[in-house]
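So this first bit is one chain, no partners, the form predicted on its own, shown in C-alpha cells.
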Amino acid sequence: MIKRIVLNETSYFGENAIEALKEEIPKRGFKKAFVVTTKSLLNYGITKKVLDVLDSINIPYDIFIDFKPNPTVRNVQNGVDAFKSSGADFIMPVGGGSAIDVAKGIGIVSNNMEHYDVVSLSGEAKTKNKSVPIVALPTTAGTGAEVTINYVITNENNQTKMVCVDTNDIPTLAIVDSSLMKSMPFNLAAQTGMDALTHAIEGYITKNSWEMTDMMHLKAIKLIFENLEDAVISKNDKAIENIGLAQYIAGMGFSNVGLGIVHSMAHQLGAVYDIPHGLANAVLLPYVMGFNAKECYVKFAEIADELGLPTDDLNYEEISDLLISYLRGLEITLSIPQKLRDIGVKEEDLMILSQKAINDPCTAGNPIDVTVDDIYNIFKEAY
C-alpha cells in the first residue's frame, strides 16, 4: 500500500526562535505581513514580540483580529476581504489553533476565489492553487496547526465544524518559539496540552497509522506525559519547550493519517456550545479510549511500556485500564473536568450531537467502526 507524508518546508524551534524571521522574511522576498492574532495577545504584549521583529527589518503589516475562538465561515470571508485590501503578500498568524486555522482559510480562499463560500472547502478540498504564503507562530502548545494540512471552520448556518483537508494550506514557515507560549494561563496551557495528547493517541491508533507516524506519535505521547505537568504548573522553561516540540511532532503524524471519534465528538461541542476544542478533547478522551480498548490492546500496551508503567503480570485489559487511569490522574492534576455536564453540555442534546458526529470526517479513522448509538452511549457515559 502506498503511504504519503506531507510536511511544511521549514521550521525553527526553541526560545527566541522568532529571531529567525530576520533572515527568513527578507530571503523569501516578502514585503508586507497580514498579521492574524487576537486582542488578548495584543493586550498581553505577546504579539508585540513578533511585531517588533517586523519593525526591526522594516516590514510593514496590517493586523486582523475579527474572528472567534472557533472561527466561522464569515470570519474567513471577512479576513479574505481585509487581506485583499491590505496589499500584503504573506499571512502571519500569531496565536493558537484558531488564529492559524482562520489564517489557512484566508490564505486558501484568497488564491482560490471560487471557494469564497468557504463551505465548499469542507472535507478533502480540491483547490487548484497553493495558499498565500503563511508564516505560522503558535502561542499555544496544542494544535500542531503550523505543520498540518488541516484546518477547522465552523459553519454557523448548521452549527457544524468543517474539517478542511488540503495539502495546499500547509504553512511555508513555522516558528515554534517557547517564549511565545510562557504566558499561557493555567487552564489554556492544560487544555491545549491535552489537545496535543489527544492528537498523539488518536493518531497512534487510527486505522491509517503506520511505522513512520507511529514513531512520531509515540514520541509525542512520551514527551507530553513527561512534561505537561511541569509546563502547566511549574512553568518550567524546558518543559514548555518540550511540549511545544511534542505538539509539533504529533501534528506531523496525525496530519497524514487522521484522527478518530474523540475529535468527531469534540467538534460538535465546539460548534454547538463554543466549548474550547482542547477542553472538549480532554473530557472525552478517557471515555473513547475505554470504548476503543478492545481493538487497541497491543498499542495501549506499547504506550504503557513507553511510559514505564508497572505492567508486569497484567493482561491486556488490565494494562488498558491502568493507562486510562494514569491519563485521568494527569487530567485531575491539571484540573480538567471529568464530565460533560461540568462544561455546560445539555443531556437533551446528546442524540443530536451524536448524529452530527457520525458524519464528521474524523469518524472514519476510528479503530472501531461506530454507529450513532455507539457515539450516543459514549456521550452518555461521559455526561
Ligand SMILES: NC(=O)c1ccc[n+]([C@@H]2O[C@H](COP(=O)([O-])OP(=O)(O)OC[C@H]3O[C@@H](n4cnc5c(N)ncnc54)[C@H](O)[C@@H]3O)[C@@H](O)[C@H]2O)c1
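Residue numbers here begin at 1 and follow the sequence given. Owing to the predicted nature of the structure, the values given are computational and were not obtained by experimental measurement.
Although it is not shown, the form predicted in complex with the ligand is what the next lines describe.
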query: Answer option from C296, V132, V257, L188, heavy atom within 4.5 Å of the ligand in the predicted bound form; finding: L188
query: Among the candidates S183, S120, N78, N168, the residue which, in the predicted bound form, approaches the ligand to within 4.5 Å (heavy atoms); finding: S183
query: Residues S40, P71 and H199 all lining the ligand in the predicted bound form, heavy atom within 4.5 Å; finding: yes
query: 4.5 angstroms heavy atom contact with the ligand in the predicted bound form for S264; finding: no
query: Partner proximity in the predicted bound form: M216 to the ligand, non-hydrogen atom cutoff 4.5 Å; finding: no
query: Non-hydrogen atom contact Y151 with the ligand in the predicted bound form at 4.5 angstroms; finding: yes
query: The ligand contact at G96 in the predicted bound form, heavy atom, 4.5 Å; finding: yes
query: Contact stretch among 96 to 104, 201 to 209, 120 to 128, 303 to 311 - heavy atom within 4.5 Å of the ligand in the predicted bound form; finding: 96 to 104
